[in-house]
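As a starting point, one isolated chain is supplied in structure tokens, in the form predicted on its own.
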Amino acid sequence: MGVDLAEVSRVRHLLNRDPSRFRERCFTDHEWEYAHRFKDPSERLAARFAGKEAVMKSLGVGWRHVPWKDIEITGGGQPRVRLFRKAAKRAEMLGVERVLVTITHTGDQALVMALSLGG
């Protein structure tokens, strides 16, 4: 299990400072496009950022071992997790077959809980 809380204002600051770098480092195209369907993408991006951290924690690793873009949190409806490259290898090593997430966010904070499930 993993949980993470992200400050929406911090994500908004990063978006204002250097959106290209933040996008390239942390988000998949799907995540970026989904968040930018909304007037203020900061809440959704904060939720995706917290989601990635929560998933990493549920896999027992941090961002130094699994790149941010190796985890994708889908948007619209029930959130789903897609794992790629190092994240997928880590999940396979642990016998994780599925990762569940739940997301809640306000104008100020995004909270995500992740649960990695085996067979």
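Everything numeric here is computed off the predicted structure, so don't read it as measured data. One rule holds for the numbers: they count along the sequence shown, beginning at 1.
What comes next is about the form predicted together with a small molecule, which is not displayed.
*Asks:* Would you please decide whether residue 34 lies within 4.5 angstroms of the small molecule in the model of the complex, comparing each non-hydrogen atom pair?
*Replies:* Judged by the heavy-atom cut-off of 4.5 Å, residue 34 is in contact with the small molecule in the model of the complex.
*Asks:* Any of the heavy atoms of residue 104 lying within 4.5 Å of the small molecule in the model of the complex?
*Replies:* Yes.
*Asks:* Even though the partner isn't displayed, in the model of the complex is residue 77 close enough to the small molecule, meaning a heavy atom within 4.5 Å?
*Replies:* Output for residue 77 is yes: heavy atoms within 4.5 Å of the small molecule.
*Asks:* At 4.5 Å between heavy atoms, is residue 52 in contact with the small molecule in the model of the complex?
*Replies:* Answer no; every heavy atom of residue 52 is more than 4.5 Å from the small molecule in the model of the complex.
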